[in-house]
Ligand code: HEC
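Below sits a lone chain in C-alpha coordinates, taken as the form predicted alone.
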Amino acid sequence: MEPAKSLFTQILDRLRPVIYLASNPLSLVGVVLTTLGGGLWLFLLPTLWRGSAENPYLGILSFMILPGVFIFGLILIPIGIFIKRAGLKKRGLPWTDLPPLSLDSPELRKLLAFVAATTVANVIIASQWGYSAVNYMDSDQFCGLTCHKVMAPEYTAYQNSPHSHVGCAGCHIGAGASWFVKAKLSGVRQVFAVALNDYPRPIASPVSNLRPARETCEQCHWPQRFSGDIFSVRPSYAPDEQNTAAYTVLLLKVGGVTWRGGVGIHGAHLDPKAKMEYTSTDGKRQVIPQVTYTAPDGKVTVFTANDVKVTPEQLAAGEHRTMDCMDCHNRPAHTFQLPERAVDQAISQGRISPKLPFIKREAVEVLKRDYPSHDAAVREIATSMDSFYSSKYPQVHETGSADLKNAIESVKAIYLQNVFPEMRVNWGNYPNNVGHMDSPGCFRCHDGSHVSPDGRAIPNDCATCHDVLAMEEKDPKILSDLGYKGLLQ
(Lines give C-alpha, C1' and ligand atoms only; values in the text may rest on other atoms or scores of the structure.)
Protein backbone atom coordinates (compact mmCIF):
# COMPACT_ATOMS: atom_id res chain seq x y z
CA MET A 1 0.00 0.00 0.00
CA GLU A 2 1.42 3.40 -1.08
CA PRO A 3 1.92 6.04 1.62
CA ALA A 4 -0.52 8.99 1.57
CA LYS A 5 0.69 11.90 -0.52
CA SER A 6 1.18 15.25 1.11
CA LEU A 7 -0.93 18.25 0.01
CA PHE A 8 2.08 19.84 -1.65
CA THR A 9 2.81 16.66 -3.59
CA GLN A 10 -0.81 16.52 -4.73
CA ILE A 11 -0.56 20.11 -5.97
CA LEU A 12 2.61 19.28 -7.89
CA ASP A 13 0.89 16.28 -9.45
CA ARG A 14 -1.92 18.54 -10.65
CA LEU A 15 0.48 21.19 -11.99
CA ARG A 16 2.43 18.65 -14.00
CA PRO A 17 -0.09 18.19 -16.84
CA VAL A 18 -0.85 21.94 -16.90
CA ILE A 19 2.83 22.73 -17.44
CA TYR A 20 3.01 20.12 -20.13
CA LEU A 21 -0.12 21.31 -21.88
CA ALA A 22 0.96 24.97 -21.73
CA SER A 23 3.83 24.24 -24.09
CA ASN A 24 1.75 24.91 -27.23
CA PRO A 25 1.94 27.72 -29.82
CA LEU A 26 -1.32 29.44 -28.81
CA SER A 27 -0.45 29.59 -25.11
CA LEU A 28 3.05 30.78 -25.95
CA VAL A 29 1.56 33.57 -28.09
CA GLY A 30 -0.55 34.48 -25.05
CA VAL A 31 2.58 34.63 -22.89
CA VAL A 32 4.26 36.89 -25.47
CA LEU A 33 1.24 39.24 -25.68
CA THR A 34 0.89 39.44 -21.91
CA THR A 35 4.59 40.16 -21.55
CA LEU A 36 4.47 42.73 -24.34
CA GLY A 37 1.47 44.53 -22.83
CA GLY A 38 3.00 44.56 -19.35
CA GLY A 39 6.40 45.63 -20.64
CA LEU A 40 5.02 48.54 -22.67
CA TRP A 41 2.94 49.63 -19.69
CA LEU A 42 6.09 49.71 -17.53
CA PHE A 43 7.81 51.71 -20.28
CA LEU A 44 4.97 54.30 -20.33
CA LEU A 45 4.54 54.42 -16.56
CA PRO A 46 6.94 57.37 -16.01
CA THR A 47 5.09 59.34 -18.70
CA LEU A 48 1.73 58.59 -17.08
CA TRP A 49 3.02 59.71 -13.67
CA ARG A 50 4.12 63.02 -15.19
CA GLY A 51 0.57 63.62 -16.35
CA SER A 52 1.28 63.44 -20.08
CA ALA A 53 -1.67 61.10 -20.51
CA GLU A 54 -3.80 64.18 -21.11
CA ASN A 55 -2.95 63.48 -24.75
CA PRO A 56 -6.05 61.50 -25.82
CA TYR A 57 -4.14 59.11 -28.06
CA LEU A 58 -1.56 58.29 -25.40
CA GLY A 59 -4.47 57.75 -23.04
CA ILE A 60 -6.15 55.33 -25.46
CA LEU A 61 -2.87 53.42 -25.83
CA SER A 62 -2.18 53.35 -22.09
CA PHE A 63 -5.63 52.64 -20.73
CA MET A 64 -7.45 50.80 -23.51
CA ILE A 65 -5.16 49.16 -26.10
CA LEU A 66 -2.41 47.86 -23.78
CA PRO A 67 -4.89 46.45 -21.25
CA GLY A 68 -6.66 44.75 -24.14
CA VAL A 69 -3.41 43.19 -25.36
CA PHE A 70 -2.49 42.15 -21.81
CA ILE A 71 -5.85 40.55 -21.00
CA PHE A 72 -6.18 38.95 -24.45
CA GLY A 73 -2.80 37.28 -23.87
CA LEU A 74 -3.96 35.95 -20.51
CA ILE A 75 -7.09 34.52 -22.16
CA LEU A 76 -5.10 32.79 -24.90
CA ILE A 77 -3.03 30.77 -22.39
CA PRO A 78 -5.90 28.60 -21.02
CA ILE A 79 -7.49 28.39 -24.47
CA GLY A 80 -4.26 26.91 -25.84
CA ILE A 81 -4.11 24.44 -22.94
CA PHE A 82 -7.69 23.34 -23.58
CA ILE A 83 -7.12 22.87 -27.31
CA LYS A 84 -3.95 20.81 -26.77
CA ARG A 85 -5.67 18.63 -24.16
CA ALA A 86 -8.61 18.02 -26.49
CA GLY A 87 -6.21 17.12 -29.31
CA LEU A 88 -4.30 14.61 -27.20
CA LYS A 89 -7.49 12.96 -26.02
CA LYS A 90 -8.80 12.76 -29.57
CA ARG A 91 -5.62 10.98 -30.71
CA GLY A 92 -5.69 8.68 -27.71
CA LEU A 93 -2.38 9.94 -26.37
CA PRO A 94 -1.71 10.14 -22.63
CA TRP A 95 -1.67 13.62 -21.11
CA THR A 96 -1.72 12.83 -17.38
CA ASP A 97 0.84 9.99 -17.16
CA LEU A 98 3.89 12.22 -16.92
CA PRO A 99 7.13 12.07 -14.93
CA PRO A 100 6.66 13.23 -11.29
CA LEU A 101 7.52 16.81 -10.35
CA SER A 102 9.89 17.47 -7.48
CA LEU A 103 11.22 20.59 -5.78
CA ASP A 104 14.62 19.10 -6.30
CA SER A 105 14.19 20.05 -9.95
CA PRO A 106 15.79 23.49 -10.61
CA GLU A 107 13.45 23.99 -13.58
CA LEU A 108 10.39 23.53 -11.38
CA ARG A 109 11.66 25.93 -8.73
CA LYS A 110 12.35 28.56 -11.40
CA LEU A 111 8.90 28.02 -12.89
CA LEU A 112 7.14 28.36 -9.54
CA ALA A 113 9.09 31.52 -8.74
CA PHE A 114 8.22 32.94 -12.17
CA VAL A 115 4.52 32.09 -11.78
CA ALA A 116 4.40 33.66 -8.30
CA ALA A 117 6.17 36.84 -9.41
CA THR A 118 4.12 37.24 -12.58
CA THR A 119 0.86 36.61 -10.70
CA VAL A 120 1.66 39.42 -8.25
CA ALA A 121 2.72 41.65 -11.15
CA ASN A 122 -0.46 40.84 -13.10
CA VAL A 123 -2.65 41.74 -10.13
CA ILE A 124 -0.82 45.05 -9.65
CA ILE A 125 -0.90 45.90 -13.36
CA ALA A 126 -4.56 44.97 -13.77
CA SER A 127 -5.53 46.98 -10.67
CA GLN A 128 -3.62 50.04 -11.83
CA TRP A 129 -5.06 49.73 -15.32
CA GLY A 130 -8.59 49.34 -14.04
CA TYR A 131 -8.36 52.38 -11.77
CA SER A 132 -6.58 54.49 -14.38
CA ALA A 133 -8.97 53.44 -17.14
CA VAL A 134 -11.99 54.50 -15.07
CA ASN A 135 -10.40 57.89 -14.33
CA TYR A 136 -9.34 58.36 -17.94
CA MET A 137 -12.78 57.53 -19.32
CA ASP A 138 -14.21 60.19 -16.99
CA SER A 139 -11.68 62.83 -18.06
CA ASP A 140 -12.56 65.84 -20.19
CA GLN A 141 -9.82 64.87 -22.64
CA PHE A 142 -11.42 61.48 -23.27
CA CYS A 143 -14.92 62.94 -23.61
CA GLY A 144 -13.96 65.87 -25.82
CA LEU A 145 -10.84 64.94 -27.76
CA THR A 146 -10.82 61.19 -28.37
CA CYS A 147 -13.54 61.48 -31.03
CA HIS A 148 -12.36 64.96 -31.84
CA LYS A 149 -14.39 65.63 -35.00
CA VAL A 150 -17.64 64.32 -33.52
CA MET A 151 -17.40 66.15 -30.22
CA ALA A 152 -15.51 69.23 -31.44
CA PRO A 153 -18.60 71.53 -31.36
CA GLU A 154 -19.66 70.53 -27.85
CA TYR A 155 -16.12 70.47 -26.45
CA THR A 156 -15.32 73.91 -27.92
CA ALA A 157 -18.51 75.38 -26.46
CA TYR A 158 -17.73 73.73 -23.12
CA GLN A 159 -14.25 75.30 -22.98
CA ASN A 160 -15.84 78.74 -23.39
CA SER A 161 -18.62 78.23 -20.86
CA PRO A 162 -19.08 79.13 -17.19
CA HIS A 163 -18.76 75.39 -16.45
CA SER A 164 -15.38 74.96 -18.16
CA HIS A 165 -13.75 73.98 -14.85
CA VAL A 166 -16.42 71.38 -14.05
CA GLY A 167 -15.58 67.90 -15.34
CA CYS A 168 -17.80 66.45 -18.08
CA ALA A 169 -18.57 63.40 -15.94
CA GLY A 170 -19.78 65.57 -13.08
CA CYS A 171 -22.82 66.65 -15.12
CA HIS A 172 -23.23 63.81 -17.61
CA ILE A 173 -22.75 60.95 -15.13
CA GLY A 174 -22.65 62.20 -11.55
CA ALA A 175 -21.92 60.14 -8.46
CA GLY A 176 -22.64 56.45 -8.02
CA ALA A 177 -21.97 53.24 -9.90
CA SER A 178 -25.33 52.75 -11.63
CA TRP A 179 -25.13 55.83 -13.85
CA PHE A 180 -21.45 55.17 -14.52
CA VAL A 181 -22.36 51.73 -15.90
CA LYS A 182 -25.25 53.19 -17.93
CA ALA A 183 -22.97 55.85 -19.41
CA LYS A 184 -20.26 53.35 -20.37
CA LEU A 185 -22.77 50.97 -21.96
CA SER A 186 -24.12 53.89 -23.96
CA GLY A 187 -20.53 54.81 -24.82
CA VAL A 188 -19.94 51.38 -26.39
CA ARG A 189 -22.75 52.07 -28.84
CA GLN A 190 -21.32 55.49 -29.58
CA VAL A 191 -17.84 54.03 -30.22
CA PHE A 192 -19.30 51.69 -32.85
CA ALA A 193 -21.23 54.60 -34.40
CA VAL A 194 -18.02 56.62 -34.72
CA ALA A 195 -16.03 53.64 -36.05
CA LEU A 196 -18.71 52.95 -38.68
CA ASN A 197 -19.14 56.66 -39.48
CA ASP A 198 -22.80 56.24 -38.60
CA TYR A 199 -23.72 59.19 -36.40
CA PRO A 200 -26.01 62.20 -36.90
CA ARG A 201 -24.62 65.51 -38.09
CA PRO A 202 -25.18 67.65 -36.12
CA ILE A 203 -25.34 65.57 -32.94
CA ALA A 204 -28.94 65.45 -31.77
CA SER A 205 -30.00 67.54 -28.78
CA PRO A 206 -31.28 67.24 -26.10
CA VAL A 207 -29.65 64.12 -24.69
CA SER A 208 -32.63 61.85 -24.04
CA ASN A 209 -30.97 59.69 -21.36
CA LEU A 210 -29.31 62.47 -19.37
CA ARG A 211 -29.37 61.99 -15.63
CA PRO A 212 -32.02 64.12 -13.86
CA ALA A 213 -30.84 67.59 -12.86
CA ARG A 214 -31.74 66.98 -9.22
CA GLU A 215 -28.95 64.39 -9.10
CA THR A 216 -26.35 66.49 -10.95
CA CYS A 217 -26.97 70.24 -11.26
CA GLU A 218 -28.49 70.51 -7.81
CA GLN A 219 -25.40 69.04 -6.18
CA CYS A 220 -23.91 72.54 -6.65
CA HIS A 221 -26.93 74.75 -7.38
CA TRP A 222 -29.93 75.27 -5.13
CA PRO A 223 -32.84 76.42 -7.31
CA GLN A 224 -35.20 76.94 -4.37
CA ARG A 225 -32.79 79.41 -2.75
CA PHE A 226 -34.23 82.92 -2.73
CA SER A 227 -32.12 85.00 -5.12
CA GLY A 228 -34.47 87.96 -5.42
CA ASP A 229 -34.16 90.24 -8.46
CA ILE A 230 -31.08 90.45 -10.68
CA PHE A 231 -30.09 93.70 -12.39
CA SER A 232 -29.04 93.09 -16.00
CA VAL A 233 -27.57 95.52 -18.56
CA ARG A 234 -27.45 94.25 -22.16
CA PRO A 235 -25.62 96.40 -24.70
CA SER A 236 -26.18 96.11 -28.43
CA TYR A 237 -24.67 97.94 -31.41
CA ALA A 238 -26.31 99.19 -34.57
CA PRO A 239 -24.97 98.17 -38.02
CA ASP A 240 -24.16 101.83 -38.83
CA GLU A 241 -20.87 103.59 -39.37
CA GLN A 242 -20.57 104.64 -35.71
CA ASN A 243 -21.68 101.23 -34.35
CA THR A 244 -24.13 103.18 -32.22
CA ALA A 245 -24.55 101.64 -28.79
CA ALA A 246 -27.93 101.05 -27.17
CA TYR A 247 -28.76 99.47 -23.83
CA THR A 248 -31.55 97.26 -22.57
CA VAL A 249 -31.86 97.28 -18.80
CA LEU A 250 -33.83 94.57 -17.04
CA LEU A 251 -34.69 93.59 -13.51
CA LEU A 252 -34.98 89.81 -13.72
CA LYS A 253 -37.38 88.35 -11.17
CA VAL A 254 -35.40 85.18 -10.44
CA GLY A 255 -36.99 84.83 -7.01
CA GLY A 256 -36.97 81.45 -5.30
CA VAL A 257 -38.85 80.05 -2.32
CA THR A 258 -39.72 82.10 0.77
CA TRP A 259 -41.78 81.40 3.86
CA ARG A 260 -44.77 82.58 1.84
CA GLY A 261 -44.11 80.10 -0.94
CA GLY A 262 -42.55 80.26 -4.39
CA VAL A 263 -42.00 83.67 -5.98
CA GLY A 264 -40.39 84.78 -9.23
CA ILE A 265 -39.17 82.56 -12.06
CA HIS A 266 -37.54 79.87 -9.93
CA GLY A 267 -40.28 79.89 -7.36
CA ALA A 268 -43.03 79.40 -9.93
CA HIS A 269 -41.32 76.60 -11.84
CA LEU A 270 -39.43 74.74 -9.10
CA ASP A 271 -41.57 75.11 -5.99
CA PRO A 272 -40.97 71.80 -4.12
CA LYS A 273 -44.62 71.71 -3.04
CA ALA A 274 -45.90 72.04 -6.63
CA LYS A 275 -45.29 70.08 -9.81
CA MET A 276 -44.83 71.27 -13.39
CA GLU A 277 -45.08 68.75 -16.24
CA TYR A 278 -45.19 69.10 -20.01
CA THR A 279 -45.39 67.09 -23.20
CA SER A 280 -43.16 67.78 -26.22
CA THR A 281 -43.84 66.30 -29.65
CA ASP A 282 -40.91 67.41 -31.82
CA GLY A 283 -38.07 65.47 -30.20
CA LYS A 284 -36.23 68.73 -29.39
CA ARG A 285 -38.48 70.05 -26.62
CA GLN A 286 -39.25 73.15 -28.65
CA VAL A 287 -42.88 72.31 -29.51
CA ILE A 288 -44.92 71.93 -26.32
CA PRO A 289 -48.63 71.38 -26.94
CA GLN A 290 -49.57 70.60 -23.32
CA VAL A 291 -48.53 71.73 -19.83
CA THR A 292 -49.87 70.25 -16.59
CA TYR A 293 -49.54 72.16 -13.31
CA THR A 294 -50.21 70.58 -9.92
CA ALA A 295 -50.60 73.34 -7.30
CA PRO A 296 -49.37 73.00 -3.69
CA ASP A 297 -52.98 72.27 -2.65
CA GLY A 298 -53.13 69.33 -5.10
CA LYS A 299 -55.31 71.01 -7.73
CA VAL A 300 -54.36 69.92 -11.27
CA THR A 301 -54.70 72.28 -14.24
CA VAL A 302 -54.01 71.26 -17.84
CA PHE A 303 -53.04 73.98 -20.33
CA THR A 304 -53.41 73.06 -24.01
CA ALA A 305 -51.90 75.08 -26.87
CA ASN A 306 -54.48 76.41 -29.33
CA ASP A 307 -51.92 77.00 -32.07
CA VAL A 308 -50.34 73.51 -32.05
CA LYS A 309 -52.46 70.89 -33.76
CA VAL A 310 -51.64 67.38 -32.61
CA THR A 311 -53.71 64.23 -32.52
CA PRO A 312 -54.33 62.33 -29.27
CA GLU A 313 -52.01 59.62 -30.60
CA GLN A 314 -49.19 62.13 -31.23
CA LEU A 315 -49.70 63.61 -27.79
CA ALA A 316 -49.57 60.17 -26.16
CA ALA A 317 -46.40 59.31 -28.10
CA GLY A 318 -44.66 62.57 -27.17
CA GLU A 319 -42.02 63.04 -24.50
CA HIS A 320 -43.54 63.52 -21.05
CA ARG A 321 -41.29 65.35 -18.60
CA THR A 322 -41.40 66.80 -15.13
CA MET A 323 -39.80 70.21 -15.44
CA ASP A 324 -36.33 70.67 -13.96
CA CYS A 325 -33.34 72.98 -14.44
CA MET A 326 -32.46 71.59 -17.88
CA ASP A 327 -35.79 72.59 -19.44
CA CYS A 328 -34.83 76.27 -19.35
CA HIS A 329 -31.07 76.10 -18.77
CA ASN A 330 -30.75 73.51 -21.53
CA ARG A 331 -27.22 74.46 -22.59
CA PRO A 332 -25.42 75.51 -19.39
CA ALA A 333 -22.03 74.25 -20.58
CA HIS A 334 -22.52 74.09 -24.35
CA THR A 335 -23.94 77.46 -25.41
CA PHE A 336 -23.76 78.42 -29.08
CA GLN A 337 -24.31 82.08 -29.92
CA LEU A 338 -25.90 83.81 -32.89
CA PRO A 339 -23.63 86.17 -34.86
CA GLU A 340 -25.31 89.43 -33.82
CA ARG A 341 -25.21 88.60 -30.12
CA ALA A 342 -21.65 87.26 -30.33
CA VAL A 343 -20.36 90.44 -32.01
CA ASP A 344 -22.21 92.66 -29.53
CA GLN A 345 -20.56 90.78 -26.69
CA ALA A 346 -17.11 91.05 -28.27
CA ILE A 347 -17.52 94.82 -28.69
CA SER A 348 -18.82 95.34 -25.15
CA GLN A 349 -15.89 93.32 -23.74
CA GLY A 350 -13.31 95.32 -25.69
CA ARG A 351 -12.22 92.50 -27.99
CA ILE A 352 -13.52 94.46 -31.00
CA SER A 353 -13.10 98.22 -31.11
CA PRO A 354 -16.33 100.16 -31.85
CA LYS A 355 -14.10 102.89 -33.37
CA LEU A 356 -13.77 100.81 -36.54
CA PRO A 357 -16.44 102.09 -38.98
CA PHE A 358 -19.21 99.60 -39.72
CA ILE A 359 -17.44 96.89 -37.74
CA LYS A 360 -20.73 95.47 -36.42
CA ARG A 361 -22.20 95.21 -39.91
CA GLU A 362 -19.07 93.81 -41.53
CA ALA A 363 -18.38 91.29 -38.78
CA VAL A 364 -21.92 89.90 -38.85
CA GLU A 365 -21.92 89.80 -42.66
CA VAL A 366 -18.72 87.72 -42.95
CA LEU A 367 -19.82 85.44 -40.11
CA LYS A 368 -23.08 84.54 -41.87
CA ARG A 369 -21.40 83.41 -45.09
CA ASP A 370 -21.14 79.72 -45.91
CA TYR A 371 -17.63 78.29 -45.74
CA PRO A 372 -16.67 74.68 -46.57
CA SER A 373 -14.26 74.36 -43.65
CA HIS A 374 -12.67 76.17 -40.72
CA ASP A 375 -9.50 76.78 -42.73
CA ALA A 376 -11.47 78.39 -45.54
CA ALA A 377 -13.40 80.53 -43.07
CA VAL A 378 -10.25 81.80 -41.38
CA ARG A 379 -8.72 82.79 -44.74
CA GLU A 380 -11.81 84.43 -46.21
CA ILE A 381 -12.83 86.31 -43.06
CA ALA A 382 -9.37 87.90 -42.83
CA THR A 383 -9.23 88.67 -46.56
CA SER A 384 -12.74 90.13 -46.72
CA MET A 385 -12.40 92.39 -43.68
CA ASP A 386 -8.93 93.57 -44.62
CA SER A 387 -10.10 94.30 -48.18
CA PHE A 388 -13.12 96.30 -46.95
CA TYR A 389 -11.09 98.66 -44.78
CA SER A 390 -8.18 99.01 -47.23
CA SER A 391 -10.58 100.05 -50.01
CA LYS A 392 -13.25 101.99 -48.10
CA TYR A 393 -11.26 103.37 -45.17
CA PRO A 394 -7.56 103.39 -46.16
CA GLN A 395 -6.65 105.77 -43.34
CA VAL A 396 -8.26 103.50 -40.76
CA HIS A 397 -6.50 100.57 -42.38
CA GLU A 398 -3.16 102.26 -41.83
CA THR A 399 -3.56 104.06 -38.53
CA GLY A 400 -5.87 101.55 -36.88
CA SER A 401 -4.08 98.42 -37.97
CA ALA A 402 -3.84 97.06 -34.41
CA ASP A 403 -7.57 97.50 -33.82
CA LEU A 404 -8.34 95.93 -37.18
CA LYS A 405 -6.04 92.98 -36.50
CA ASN A 406 -7.68 92.37 -33.11
CA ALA A 407 -11.13 92.64 -34.69
CA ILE A 408 -10.27 90.11 -37.41
CA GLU A 409 -8.88 87.66 -34.85
CA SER A 410 -11.98 88.07 -32.67
CA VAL A 411 -14.36 87.52 -35.59
CA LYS A 412 -12.44 84.40 -36.60
CA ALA A 413 -12.63 83.14 -33.02
CA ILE A 414 -16.41 83.70 -32.95
CA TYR A 415 -16.80 81.61 -36.09
CA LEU A 416 -14.51 78.82 -34.87
CA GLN A 417 -16.43 78.60 -31.59
CA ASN A 418 -19.91 78.42 -33.10
CA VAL A 419 -19.85 76.93 -36.61
CA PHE A 420 -18.49 73.49 -37.58
CA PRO A 421 -19.06 72.67 -41.27
CA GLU A 422 -17.85 69.05 -40.97
CA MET A 423 -20.51 68.37 -38.35
CA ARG A 424 -23.10 70.58 -40.10
CA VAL A 425 -23.36 72.81 -37.06
CA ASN A 426 -24.43 76.26 -38.18
CA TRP A 427 -25.92 79.34 -36.56
CA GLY A 428 -29.06 78.44 -34.60
CA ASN A 429 -28.77 74.63 -34.68
CA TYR A 430 -28.77 74.48 -30.88
CA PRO A 431 -31.36 76.90 -29.45
CA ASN A 432 -30.85 78.23 -25.94
CA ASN A 433 -34.08 78.22 -23.91
CA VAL A 434 -32.96 80.85 -21.38
CA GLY A 435 -34.86 84.00 -22.39
CA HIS A 436 -36.64 84.44 -25.68
CA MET A 437 -34.55 86.76 -27.85
CA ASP A 438 -32.51 84.26 -29.89
CA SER A 439 -35.01 81.37 -29.84
CA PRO A 440 -38.58 80.78 -28.58
CA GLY A 441 -37.27 79.79 -25.14
CA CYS A 442 -39.80 80.97 -22.58
CA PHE A 443 -42.41 81.48 -25.31
CA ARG A 444 -42.62 77.72 -25.86
CA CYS A 445 -45.16 77.85 -23.01
CA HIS A 446 -45.56 81.56 -22.19
CA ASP A 447 -47.04 82.44 -25.58
CA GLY A 448 -50.58 83.27 -24.50
CA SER A 449 -52.04 80.33 -26.44
CA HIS A 450 -51.73 77.65 -23.73
CA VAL A 451 -55.22 77.77 -22.22
CA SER A 452 -56.96 75.73 -19.51
CA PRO A 453 -60.56 74.44 -19.84
CA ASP A 454 -61.80 77.32 -17.67
CA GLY A 455 -60.22 79.91 -20.00
CA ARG A 456 -57.05 80.78 -18.04
CA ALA A 457 -53.86 81.14 -20.07
CA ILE A 458 -50.23 80.73 -19.07
CA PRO A 459 -49.21 84.40 -18.75
CA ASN A 460 -47.02 86.04 -21.39
CA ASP A 461 -46.93 89.53 -19.96
CA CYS A 462 -43.39 90.96 -19.84
CA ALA A 463 -43.74 91.91 -16.18
CA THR A 464 -44.28 88.26 -15.23
CA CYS A 465 -40.56 87.51 -15.41
CA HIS A 466 -38.84 90.91 -15.55
CA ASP A 467 -39.30 94.64 -15.29
CA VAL A 468 -38.03 96.44 -18.39
CA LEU A 469 -36.25 99.57 -17.13
CA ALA A 470 -34.96 100.56 -20.57
CA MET A 471 -35.36 99.02 -24.02
CA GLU A 472 -32.68 99.65 -26.68
CA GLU A 473 -32.01 103.20 -25.42
CA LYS A 474 -28.84 105.11 -26.30
CA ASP A 475 -28.64 106.87 -22.95
CA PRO A 476 -30.91 105.16 -20.40
CA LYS A 477 -31.77 107.46 -17.50
CA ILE A 478 -31.73 104.54 -15.08
CA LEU A 479 -28.02 103.98 -15.74
CA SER A 480 -27.23 107.63 -15.12
CA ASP A 481 -29.25 107.58 -11.91
CA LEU A 482 -27.36 104.51 -10.70
CA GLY A 483 -23.96 105.84 -11.70
CA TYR A 484 -23.40 103.31 -14.48
CA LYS A 485 -23.25 105.71 -17.39
CA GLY A 486 -19.53 106.39 -17.23
CA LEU A 487 -18.70 102.69 -17.09
CA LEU A 488 -20.47 102.05 -20.41
CA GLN A 489 -18.79 104.71 -22.52
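Numbers follow the displayed sequence, beginning with 1. For clarity, every value in this text was computed on a predicted model and none was experimentally measured.
The next section is about a form of this same protein that is not shown, the form predicted in complex with the ligand.
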> Among 163-171, 385-393, 69-77, 404-412, which stretch has residues whose heavy atoms lie within 4.5 Å of the ligand in the predicted complex?
Replying inline: 163-171
> Closest heavy atom of residue 247 to the ligand in the predicted complex, within 4.5 Å or not?
Replying inline: no
> Is residue 428 close to the ligand in the predicted complex, meaning a heavy atom pair under 4.5 Å apart or at it?
Replying inline: no
>> If we define contact as a non-hydrogen atom of the residue within 4.5 angstroms of the partner, is residue 268 a contact of the ligand in the predicted complex?
In response: yes
> Could you tell me if residue 30 has a non-hydrogen atom within 4.5 Å of the ligand in the predicted complex?
Replying inline: no
> Are all three residues 252, 276 and 441 in contact with the ligand in the predicted complex, where contact means a non-hydrogen atom within 4.5 Å?
Replying inline: yes
> Here the chain is shown alone; which of 310, 217, 367, 81 has a heavy atom within 4.5 Å of the ligand in the predicted complex?
Replying inline: 217
>> Using a 4.5 Å heavy atom cut-off, which residue among 203, 338, 305, 378 comes into contact with the ligand in the predicted complex?
In response: 203
> Going through 210-238 from first to last, which residues have a non-hydrogen atom within 4.5 Å of the ligand in the predicted complex?
Replying inline: 210, 216, 217, 218, 220, 221, 223, 225, 227, 230, 234
